[in-house]
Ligand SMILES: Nc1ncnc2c1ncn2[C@@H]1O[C@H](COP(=O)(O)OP(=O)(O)OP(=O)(O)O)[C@@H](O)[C@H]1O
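Only one chain is included here, represented as C-alpha cells and corresponding to the form predicted alone.
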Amino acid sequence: MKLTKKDLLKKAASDGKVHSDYTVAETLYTLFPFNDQETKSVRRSFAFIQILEKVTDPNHKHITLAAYDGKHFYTWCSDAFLNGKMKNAPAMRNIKTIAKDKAETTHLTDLYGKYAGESGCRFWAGKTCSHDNHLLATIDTDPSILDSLIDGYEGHDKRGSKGKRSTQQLLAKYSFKKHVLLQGDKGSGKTYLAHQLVDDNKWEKEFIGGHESMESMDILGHLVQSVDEHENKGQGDLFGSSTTSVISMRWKDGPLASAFRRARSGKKVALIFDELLRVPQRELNILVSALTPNAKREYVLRTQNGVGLSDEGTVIEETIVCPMENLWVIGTTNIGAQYAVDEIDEALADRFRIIRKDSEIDEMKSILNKELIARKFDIAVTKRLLHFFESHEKMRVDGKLHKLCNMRQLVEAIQLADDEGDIPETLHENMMAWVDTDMDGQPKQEQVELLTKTIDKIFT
C-alpha cells in the first residue's frame, strides 16, 4: 500500500484498531530491503517492525511493518524476508548494495529468518488484516514513528562510507575484532547497549562491575577454602560419624578466567567490564598482557593457579589460550572531573577502540519501547518521556537546571511505576536527582516548580 505521510496518518486514524487477542511483544527500527511487488525490484527502506504475540499463546506471532523508501510509506503484515522464505530472492542478493558497510550487511543478514515461526497473513489488492490495523493504531497513537522512519532513511542516505556511524553500528563493526571502551555521561545507556547487543546475538556473556577497591584477583580469580567429605573405612570416630571433613584450597575463576575458559571451548564470549576506569590502574595491568595476541592470533592468560609440579619440584602455573575471534571485551566508563575515574593507561588504551556514547534519541526510543512493552504499557508513553528529556536538556542549556536527566532515570520511571498512569508521579518522586540545594540543604524551590509544571504539562 503506497501512501504519503498525510494519507497514512489519515488511514491510521480511520482504520487503526487494537487487536484485543494480541499484545505488542517487540518493536524495532531498522534498515530494511523493501521488495516492491509492483515493480518486482528490491530497494533500500527504513522500517518500523512490530511483533504481535497472542495473549493465550506466546508462540503464536504476527509480524507487521511500516516502511519508508524515500518517497512513500508502506504497511503490511507478514514478511517473507523476516520469515526466512527468500533465500534466492533479490532481497538477499542485493543486501550489499542496500547496506553501506560490512556491519550493516551483517545486520541485514542476521535479520533474515529471524522470525521463522511467525503465523503469517496473506492479503492482496489493498486488503488489510486485523494485525495490520493494530499497527495502524500504534501509528495513530504515536505519529512520531513516521518521523523516525524519515530521519532513519535520510540519516542513512546522507552517511557516506566515511560518515558518522551510530554507537550500535560501531559496536557491530568492532565485535570480536577490536575491544571497545564506551565513554559517556552516567545513565546514557552504555551498559544497557552492551548487554542488549550481546543478548540479541546470543553470545556467551561475563560481567565485571568495577569499583575503587577492586583487586586483580577479583578480575582473574583466586583460591577459596573448600570442605570435602571423606568416608572413613573404620567404625567412625568417637561421636559415631563415618565421614571426615577435610578443608582444602580450590581455585575459583574470576570473570576474566571464566571468559577465557569458555572462549577456549569454542564459544563466542563477550566480557562486559562496567566502570572500567574506576578500578586502580595497577589492578588493570592484568588486561594489558591478557589482551595482547601472540603470533598465532591467540590470547594467553596466566591464571596464577597451580596445576601440578615440574620435574624440578616447582609449581606449574595454569595457562588458558583462546582464539582472538572468540573473546571480546566491552568496557564502559563515565568521563569527566565529576566522576571518580582515572585516566586510561596508554598501554591499555591501545587494546581498545574508544567510542564516545551520548544519549541518542532513536536509541532511547527503542529502549523505552522495550521497557513499556515488558510492563504491558502503551508505547505512546515513549513520546512523552522523550519530550520530558528534551525539555529538561533545554532548561539545562538555558542555565535553569544544572543536573542531567539520563536514560537510566527514564527507564526507572517505567520500572517503578505501579501502572501506566503512575509514570508522571514517579518522575515527580525523582525530583531531588535533578534540582540543586541551597546552603541549608533544601531543594531550590524555583527549580522544583519548573520541573513540576513541565511534567504536569507533558503528561496531561
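The first residue of the sequence shown is number 1, and the count goes up from there. In this text the structure is predicted, and so the values were computed from the model without any measurement.
Although it is not shown, the form predicted together with this ligand is what the next lines describe.
Between the options 216, 334, 304, 166, the residue in contact with this ligand in the model of the complex by a heavy atom within 4.5 angstroms is 334.
With the partner removed from view, the residue among 206, 79, 275, 142 that has a non-hydrogen atom within 4.5 Å of this ligand in the model of the complex turns out to be 275. In summary, the region of this chain contacting this ligand in the model of the complex, judged by heavy atoms within 4.5 Å and restricted to 191-199, 286-294, 70-78, 373-381, corresponds to 191-199. Residue contact check for residue 407: one or more of its heavy atoms lie within 4.5 Å of this ligand in the model of the complex. Although the partner is absent here, residue 417 is not a contact residue: none of its heavy atoms lies within 4.5 angstroms of this ligand in the model of the complex. Although the partner is absent from this view, residue 318 stays clear of this ligand in the model of the complex, with no non-hydrogen atom inside 4.5 angstroms.
In the model of the complex, at least one heavy atom of residue 185 sits within 4.5 Å of this ligand. Within 4.5 angstroms of this ligand in the model of the complex, the stretch 45-76 places no non-hydrogen atom at all.
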